[in-house]
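So this first bit is one chain, no partners, the form predicted on its own, shown in C-alpha cells.
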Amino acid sequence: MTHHAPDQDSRTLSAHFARGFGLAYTGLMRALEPPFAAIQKRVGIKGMAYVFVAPNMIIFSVFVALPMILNIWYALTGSNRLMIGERPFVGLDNFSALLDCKDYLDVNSCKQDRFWRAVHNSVLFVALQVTAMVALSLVTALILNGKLRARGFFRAVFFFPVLLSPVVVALIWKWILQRDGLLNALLLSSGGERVAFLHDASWSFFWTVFVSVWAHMGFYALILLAGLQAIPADLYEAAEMDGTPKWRVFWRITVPLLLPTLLVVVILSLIRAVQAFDEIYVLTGGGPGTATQFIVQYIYETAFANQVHLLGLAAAASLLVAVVLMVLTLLQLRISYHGKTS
C-alpha cells in the first residue's frame, strides 16, 4: 500500500483546481464569443469601446448623476413631501433662507441658526484639525524617514488606524472616553477626579479633533514620507559636507522640495475635514447640545432625522458644501498640475 506525501497531495489538488478553473474560463469565453461577435459586426471595432464602457456609465448615471440632478431639484422645491411631483417649485428660497443673516458671526441673528452653528463649528474644526494633522504628519514622516530601528514596524503602526472603519474608531474612543471608560478609570486610580469628556462642550470638541487626527494621520504621513524619499540624497550629503546646520537644511532643502506634496496634503485634509461626519456622529452625536454638530450632520438630520423632513433645505445646504469642495478640488488639481510642470 502506497502513501502519498502531503506536499504531493496538495500539488495534485492544486493542479486539479487549476485545470477545472481553466476549463470553466474557456467555456465562459466560448459562450460569450457569439454574442460579442454579433455586437462587433453591428457596431464595428471602434463601437466596441462604447459597449464595454456602457455598464459603468449606466451604474454611474443611476447612482451618481441621477441623485445629483434630483438633489438640485429638491433644493429648488419646497414642502416636506418626498415625491417630486408633490413638491412646488420655490426657486432660490431655500438658499435665501440659509443665507438670511444680519451678522454672519452671530448665529442668533440668522434665520437658520442651526445651520450657521454647524458652519461655525465646521470652520473651527477644519482650522484646528488640518493644522494639527499636517504638523503631526510632517513630524511623523520626518522621523520615519530617518535612521530608525524597526522602521518598517513603526510605519505599519502609524498607518494601522487608517485601515480601521471610522465607526470602529469612534466606538473604541467612546469606550475609552465615556464616564465609566478607561481614561476615567486611570484618572480615578491615580487619585484624580472623573471628567465628563463627552458631555462637556470644550472637552468633546477637543476629542473630536484628536480622534480625527489619530485616525487619519497615517495616510498623510505616508504621502509626505513618499515626498521626502523623492528628494535626492546628494543634496543632503553636500549640505553635510559643508557643515550646514540641520535646521537650515530643513528650511532650505526639505521644505522647498516638499512644498508641492505638502500643499496636496493640506488640500486633501481640508476636503476630508469639511466632510467629517461618521466618527463625530458615533462619538458625540453632535453634542452636548450642538457643540460638535458639523455641516454634514446638519444636512443629514434636517433631511432624515428630524420630525419634519426639510429635504429642500438640506439639499440646498449640501449644494453649498459641494461648491466649497469643488473649489478645494480645483485648487488641488491646479497645485498638482503646477507641481508636474515645474
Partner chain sequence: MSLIRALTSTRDQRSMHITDWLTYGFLLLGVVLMFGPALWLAASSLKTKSALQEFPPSFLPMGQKEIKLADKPDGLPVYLVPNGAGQSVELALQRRIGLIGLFIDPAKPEADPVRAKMDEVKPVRELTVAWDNYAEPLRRFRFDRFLGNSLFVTIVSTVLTLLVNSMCAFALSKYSFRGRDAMFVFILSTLMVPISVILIPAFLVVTSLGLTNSLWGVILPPIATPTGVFLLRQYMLTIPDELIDAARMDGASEWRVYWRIIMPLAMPALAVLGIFSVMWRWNDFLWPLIVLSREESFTLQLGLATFQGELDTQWHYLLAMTMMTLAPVVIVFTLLQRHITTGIASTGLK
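Computed from a predicted model, the values in this text were never measured in an experiment. Positions refer to the first chain, counted from 1. C-alpha atoms forming the largest set that superposes within 1.5 Å between two forms make up the rigid core.
This next part talks about the form predicted in complex with its partner chain, which is not shown.
- Though its partner chain is absent from this view, in the model of the complex it lies within 4.5 Å of a heavy atom of just one residue from 112, 140, 129, 77, which is 140.
- Checked against its partner chain in the model of the complex, the candidates 185, 90, 123, 195 yield a single residue with a heavy atom inside 4.5 Å, and that residue is 185.
- Its partner chain is not drawn, but in the model of the complex it has no heavy atom within 4.5 Å of residue 252.
- A residue is said to contact a partner when one of its heavy atoms sits within 4.5 Å of a partner heavy atom; residue 117 fails this definition for its partner chain in the model of the complex, lying far away.
- Interface membership of residue 191, defined by any non-hydrogen atom within 4.5 Å of its partner chain in the model of the complex, is ruled out.
- Looking at residue 209, you'd find every heavy atom of it more than 4.5 angstroms from its partner chain in the model of the complex.
- Applying a 4.5 Å heavy atom cutoff to its partner chain in the model of the complex picks out 48, 49, 50, 51, 52, 53, 55, 56, 57, 59, 60, 62, 63, 64, 65, 66, 67, 68, 70, 71 from 48 to 73, in order along the sequence.
- The rigid-core alignment places the CA of residue 275 less than 2 Å apart between this form and the one not shown.
- Core-superposed comparison between this form and the one not shown: the CA of residue 240 exceeds or equals a 2 Å shift.
- In this overlay on the rigid core, residue 259 has a C-alpha that sits less than 2 Å away from its partner position between this form and the one not shown.
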